[in-house]
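Taking the form predicted alone, here's one chain by itself in structure tokens.
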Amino acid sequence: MLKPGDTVGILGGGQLARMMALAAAPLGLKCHIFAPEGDNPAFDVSAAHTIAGYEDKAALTAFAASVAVVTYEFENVPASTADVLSALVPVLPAPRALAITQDRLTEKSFIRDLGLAVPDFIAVSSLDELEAALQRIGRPSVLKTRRLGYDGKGQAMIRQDMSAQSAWEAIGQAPAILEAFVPFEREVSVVAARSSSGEVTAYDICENRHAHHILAQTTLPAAVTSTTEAAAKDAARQIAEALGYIGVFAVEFFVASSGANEVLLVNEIAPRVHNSGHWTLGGAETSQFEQHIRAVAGWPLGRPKRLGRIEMENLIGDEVNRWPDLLAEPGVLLELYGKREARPGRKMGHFTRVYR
């Protein structure tokens, strides 16, 4: 268990690391950020930072010596980085969670083996295999690279008018899965946490709207039944326990209909604090960022109680220029990430309205 004054190491220097560092400070904990050269807004609010590549063993060794625990803000940390660090200092969540969630085939298989529903999928490693998979899955379907896909990257929707070869080339001919298209009614997610003692807490299920494959808006309460919400929280609990997970994570779902019933299918797991949980800053008794710091520090988890009806919106690219109007609106909670340059598709901040 960490004590006030100890240092949490964070791999990655983006907005998630920044908000974790800001949450750690009131708890008396310091943060040391490790990230490659670039625009790293977490540096501005941390006690220390290291600029080095994730494969730099000497830098990783020095970093490990300076911290009491290591966590991360994104799931694509190289496996070798996690291996080097975990031999020197606790890494939480454990590298196994990274290994499973970094590969869509491994992740989908893991979820299915727990008995949770997922869209039909088939592994694809060549054009011939894609052609065969299309015969089984049908169209429309979605071709997704097994690794390094996020915010719609590494994906191709295969409709009736798209050739298998065009889709294969669109994802760079990388190892992939072909996944059945789900005609869902809504996308939802559960942000949850598991402590070192095995305690699991979950925030209320939230409804997500995407634009150009990027999360645009999150609202609560989600327009789902209480049965669906309970099932989503239970799925999150099963996943956390099966992984031996410590920290905050998110599970994204599709909600489809089957007659009068809602059907819940797991889309993916995010082994970290998550964009759809940003509403918890000001909208919950304990933010997801504080909850994550508490978990990796070995401390009791806070209450995830929602404080009202919630609307959270991302500020993407030039939308960040709305900041003066948002600041002038009573009750708006604005969080800007301190990034130097606004680019199309880049998350620059978010704001939340809480209706109590």
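Just so you know, these numbers come straight off a predicted model, no measurement behind them. One rule holds for the numbers: they count along the sequence shown, beginning at 1.
In what follows, reference is made to the form predicted together with a small molecule, a form of this protein that is not presented.
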In the predicted bound form, the residue from Phe74, Phe181, Phe110, Phe121 with a non-hydrogen atom within 4.5 Å of the small molecule is Phe181
I need to confirm a contact call. Of Glu262, Glu187, Glu129, Glu229, which residue comes within 4.5 Å of the small molecule in the predicted bound form, counting heavy atoms only?
Glu187
Evaluate Arg104 for contact with the small molecule in the predicted bound form, applying a 4.5 angstroms cut-off between non-hydrogen atoms, and reply yes or no.
yes
Does the small molecule come within 4.5 Å of any heavy atom of His213 in the predicted bound form?
yes
I'd like to know whether Glu268 contacts the small molecule in the predicted bound form, with contact meaning heavy atoms within 4.5 angstroms.
yes
Would you please decide whether Gln155 lies within 4.5 angstroms of the small molecule in the predicted bound form, comparing each non-hydrogen atom pair?
yes
Which of 94-102, 138-146, 191-199, 217-225 lines the interface with the small molecule in the predicted bound form (heavy atom within 4.5 Å)
138-146
